[in-house]
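The chain below stands alone, shown as structure tokens; this is the form predicted alone.
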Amino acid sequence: MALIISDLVAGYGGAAIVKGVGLSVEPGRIVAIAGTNGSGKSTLVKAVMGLVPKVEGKVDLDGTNLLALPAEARVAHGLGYVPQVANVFTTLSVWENLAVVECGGDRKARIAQMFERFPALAERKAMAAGHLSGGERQQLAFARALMLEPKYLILDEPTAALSVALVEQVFTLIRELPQLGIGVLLVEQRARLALEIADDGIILDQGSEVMAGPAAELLEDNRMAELYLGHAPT
């Protein structure tokens, strides 16, 4: 069982942004995608989710090729997604944000589970999501995704625009996902921090893979660290 991406080419018309990338995510493991701005990281995960118009290659989820399926069908097969922006309904309350998720089964029980997992949300369940702090809003975005009980969860820049303290909170949430048996595909602007919590990683440059392997090995590679992670390891 795995989410396997093979020879993926993706873009929005004209020249491809992602050029033949392949990777795999197993349940209970985190794979981080690193690279400089404009390297195609977000386009890659949006293509996996079905949000890019021009895609070639293969996206296999536990034996099912998702490439011909729309985004909502990919969700039904167990693929979750937390986008960088617009990941909650700001005018709805915390409780309403969870209640509108078409999760099937006992929705109230699932909401209760989310409030148990995220106590801060339970305390603010009647508050409009737009009034939450940045960290609380990300907790709500995670809770909305987990309502669907995904097998694999795509996180696109989950700490964007957050303070250092809130970044730590979000990374704590991400570390807990494998304990639920969820495979995580993580795009994160703080590449070094992402690789420090990841099992595996891939580095992109101008849409192409330049290196992939165990995250610890990527962090220890002086050339990769200097070019793509900000500075060489000490």
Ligand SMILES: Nc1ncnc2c1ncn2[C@@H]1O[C@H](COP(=O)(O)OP(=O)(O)OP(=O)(O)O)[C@@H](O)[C@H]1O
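Position 1 is the first residue in the sequence shown; the rest follow in order. These numbers were taken from a predicted model, which means no experiment stands behind them.
Keep in mind that the form predicted together with this ligand is missing from the display, and what follows is about it.
Using a 4.5 angstroms threshold between heavy atoms, residue 169 stays clear of this ligand in the predicted complex. Among heavy atoms of residue 37, some come within 4.5 Å of this ligand in the predicted complex.
Although the partner is absent here, residue 189 is a contact residue: one of its heavy atoms lies within 4.5 angstroms of this ligand in the predicted complex.
At the 4.5 Å threshold, heavy atoms of residue 84 reach this ligand in the predicted complex. Note on contacts: among 215, 23, 17, 211, the single residue with a heavy atom within 4.5 Å of this ligand in the predicted complex is 17. The partner is not drawn, yet in the predicted complex one stretch among 169-177, 193-201, 63-71, 37-45 has residues with heavy atoms inside 4.5 Å of this ligand: 37-45.
Heavy atoms closer than or equal to 4.5 Å to this ligand in the predicted complex belong, across 105-122, to no residue whatsoever.
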